[in-house]
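Presented as structure tokens, the chain that follows is alone, the form predicted alone.
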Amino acid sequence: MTNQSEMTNYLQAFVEGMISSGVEQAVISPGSRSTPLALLLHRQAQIETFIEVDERSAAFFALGLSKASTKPVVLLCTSGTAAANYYPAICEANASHIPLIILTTDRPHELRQVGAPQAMDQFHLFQNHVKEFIEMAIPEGTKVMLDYAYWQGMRATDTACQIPKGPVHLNFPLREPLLPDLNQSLVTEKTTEIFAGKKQLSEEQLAECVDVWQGKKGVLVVGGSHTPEEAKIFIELAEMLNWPILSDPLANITSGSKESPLIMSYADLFIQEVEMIQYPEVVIRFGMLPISKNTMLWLQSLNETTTIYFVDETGEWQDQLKQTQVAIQAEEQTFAKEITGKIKTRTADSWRNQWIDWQEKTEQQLTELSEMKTLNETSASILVHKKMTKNGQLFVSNSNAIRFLDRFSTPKGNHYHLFGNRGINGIDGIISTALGMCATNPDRQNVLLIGDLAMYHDMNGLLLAKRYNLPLTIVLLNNNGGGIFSFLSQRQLKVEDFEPIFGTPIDLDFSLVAQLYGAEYVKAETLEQLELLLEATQKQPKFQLIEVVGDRQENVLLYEKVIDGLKKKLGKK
């Protein structure tokens, strides 16, 4: 058996192992050293492959595929700095628990640290940002090594999918010749079944929680990313307890599959402005904190009379407030379902009614503002939310875009799926991740809400939409710079300091960007025009860029006007 034949069987056995554990998609960044794996993946009928030459974009695209499909996705590149460009997306995948299988190819050991070209140290390249690093053996054709390759492919994929989910990195040293034998069939074919259970509490522990919670004044706080189906489970628990529910936008409580008056979608606006007479006796937190800083400050202000429960299925103790008095390590949806089925006593309506009153008064305040009836970044973001169709997919960028949705959106019966990159909260790779979302369900309405700096940061990703005919509608909020800093302490700086360092105007003509990548371009001039454009995306998805020109200072003034009016409506002195 030749070296070429041995390498082919070895790598094919590895691929079969990944398939056995559920891999169905791979993103390949072409290069020389990765040739054999790239060809074997590309020719594998059970794996859909995408090609992206920009490794940073490729990694975020894989992230988006996995987010939308909830399945592990393979990421492959050649040796050298190619793998280093994966770093930002891998950090995001690790923080947001997305199962990626990163395959980097490498020089064999005899060509390392001797000055060979395109050779760098790839050992533990991603450090603590991956769940596991595996340095693969040099390919051999013995049965022992074929079993080894299959086992590593199967085990690495399963490891990535175990809670807490996350990326796994495998490094493949490969000797030349690098072309596999594409005519030979596998020496052996294997399949393996994997049965995995869920982390659950005992009946005694569940009963103890029910005894403490039912009938008490309480609040549910849901963070992290969840599917609409998962969101429905949390809402049903809130309704059974008769408690208000505060959540992160990506929890899909506000946009998900069930409406309820207990959903406090305007909590970020009112929670620091109300005169709270009754405080919660119990707070149950699921996952990480929501995006709302005001919600975080309110939770931080609670004293020892409120018992804080923290449900964390990862077991990673991701509680930045460090207030937890009872930590529950169990699978979140299973736990919520079991508790819901055991609640017998609901909390008195007086507790929920004060929260519903605050929510309704905030909505009244927003409907009275004339600014909500004209085109600006805030009203455009609300309209995007309202015009999402059932089962549509909306990806929202970081900085201002996600905050507009968090503050101003409320359940309106459209029941779509909201995605974002909130693990590390960066603005890099947003377009590529959204296109991965779109590629998973291209027949649905797919929309990206993004700011101009995040758009500029990942323009290379637009090539994926052109190459694969991905019908993503991009709604661009263009205030010519870093609008988020106008809400932060940096706003106190003099203009000559603020503008070049934090305002960072880029003065780009985005119609030319759309032309370069083959997207249709429209500059929305009115709220009515934007509404028609968004309604069209419900019926005929297509690759297009809709630009909404905004003003950084206008965003701040509108927010301040909302808060000032809300204080009066709530009677705060």
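Small disclaimer: the values here were computed from a predicted structure and weren't measured. Residue indices: 1-based, along the sequence shown.
Just so you know, the form predicted in complex with a further copy of the same chain exists too; it's not on screen, but the next bit is about it.
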Candidate stretches 199-207, 362-370, 240-248, 424-432 - the one whose heavy atoms come within 4.5 Å of a further copy of the same chain in the model of the complex: 424-432
Sole residue of 496, 211, 349, 443 within 4.5 Å of a further copy of the same chain in the model of the complex, by heavy atom: 496
Position in contact with a further copy of the same chain when the complex is considered in the model of the complex, options 527, 506, 522, 536, heavy atoms within 4.5 Å: 506
4.5 Å heavy atom contact, residue 65 and a further copy of the same chain in the model of the complex: no
Residue contact check: residue 97 to a further copy of the same chain in the model of the complex, 4.5 Å heavy atom: no
Interface membership of residue 322, a further copy of the same chain in the model of the complex, 4.5 Å heavy atom rule: yes
Interface membership of residue 217, a further copy of the same chain in the model of the complex, 4.5 Å heavy atom rule: no
Residues from 41-75 in contact with a further copy of the same chain (non-hydrogen atom within 4.5 Å) in the model of the complex: 42, 43, 51, 52, 53, 54, 55, 56
